[in-house]
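There is one chain below, alone, in structure tokens, taken in the form predicted alone.
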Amino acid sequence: MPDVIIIGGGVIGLCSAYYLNQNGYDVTVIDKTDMLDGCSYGNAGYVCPSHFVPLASPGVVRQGLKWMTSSKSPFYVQPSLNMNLLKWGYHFVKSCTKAHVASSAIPLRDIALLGIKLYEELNSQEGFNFYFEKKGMLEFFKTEKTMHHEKEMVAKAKWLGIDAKLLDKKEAAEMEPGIDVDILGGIYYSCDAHLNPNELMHCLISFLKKNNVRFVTNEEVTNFMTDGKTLKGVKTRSSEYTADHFVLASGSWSGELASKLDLRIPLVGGRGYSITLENSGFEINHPIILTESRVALTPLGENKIRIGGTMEITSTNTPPKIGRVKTILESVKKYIPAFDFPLPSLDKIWYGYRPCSADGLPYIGRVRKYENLIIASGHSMVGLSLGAATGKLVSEVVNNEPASINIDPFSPDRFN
């Protein structure tokens, strides 16, 4: 019988498996897929302390209502009478306050800074060699209104000890000499890093297999076996698995699984899209966020650029809206006029679901109801960024060690 079963083989589950394995635990990872795709692969690859404002913040609801009327909007909530979505929406709206943003900034900063440190350490370990660059991040903006907001963001960042600099058009353009930009200015966050998600995931899987972590793939957990306050095992359609400890890290499906244990973990899937261009003729030095359009560009080495964006709060069963990728490409052209690429074929388009908590903070820690169950999910758009840090924290929780940072704000019981 393994010491720990991890439900979910994304970056959160694999990083948890890595640190638990390093601490001597016998680990089994169960995933309903072959673990060769998913949100951990197609994301922008940002490792970003600059992202200290949670998704639930003032103005998001008002702006979201405006955007819901446009098929080209970067943020979209699909109207639905689904009870889980309605409950999530209720808590989300309640969390969109200045007080919540203020109280979230330090926890999000701390876990992101821990993440950068751990990724640097991980990439220096034998068996790991993924593309990782600590060059910082740029944000480009086009309007006076956005510039006013960005000035406030720079001030908040500096208050948090995060190095940020407001750039005029000339300064911003000089940081990216390989492209001609049509912008008003930008921000440079020197603390940020980026990596190639695909390479990271392949390194993790290879390392864990070589170090005797067991993988059970293409098996979906359908239910649980319990005894009082103890979780005894999980059931799939074909088998049952028992362990001493359990980690629920199933991304956008974590809330649905938690409900089978009568746990209330408000969580929905936020779908995003990306494409990866090879030999595009464009060269960028830094990750770039196109602020008004909410589009992300990432250099991934070997003349690769990944372009991604949109946040669709929708059912995981809803067919993808491929036209949104056309909107993403059109948005890039507004900032980089020479950028002119047609909509790629369907097989070149990636889409996946980010697990969005109801307040923009991840769920990390034990639950009161089951003494041997740890939740690790709800990371929204920063799952990759916080992957290594979350894995380290999960290992510390299982091992009853003091956590590397304060995880009280991430309590999975905060909505119960």
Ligand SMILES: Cc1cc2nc3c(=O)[nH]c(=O)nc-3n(C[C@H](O)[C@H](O)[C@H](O)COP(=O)(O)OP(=O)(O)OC[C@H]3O[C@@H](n4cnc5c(N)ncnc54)[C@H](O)[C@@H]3O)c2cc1C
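Small disclaimer: the values here were computed from a predicted structure and weren't measured. Position 1 is the first residue in the sequence shown; the rest follow in order.
Just so you know, the form predicted in complex with this ligand exists too; it's not on screen, but the next bit is about it.
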May I ask you to choose, among A56, V382, I364, V367, the residue with a heavy atom within 4.5 Å of this ligand in the predicted bound form?
V382
Of W253, Y241, F215, Y131, the one that lies within 4.5 Å of this ligand in the predicted bound form (heavy atoms)
W253
Can you check 162-170, 267-275, 340-348, 136-144 and let me know which stretch has heavy atoms within 4.5 Å of this ligand in the predicted bound form?
267-275
Going by a heavy atom distance of 4.5 Å, is G45 a contact of this ligand in the predicted bound form?
yes
Considering non-hydrogen atoms and a 4.5 Å limit, does this ligand approach G8 in the predicted bound form?
yes
Is G360 a contact residue for this ligand in the predicted bound form, using a 4.5 Å heavy atom cut-off?
no
With the partner left out of view, is L263 within 4.5 angstroms of this ligand in the predicted bound form by any non-hydrogen atom?
no
Can you name the residues of 190-229 that have a non-hydrogen atom within 4.5 angstroms of this ligand in the predicted bound form?
E219, E220, V221
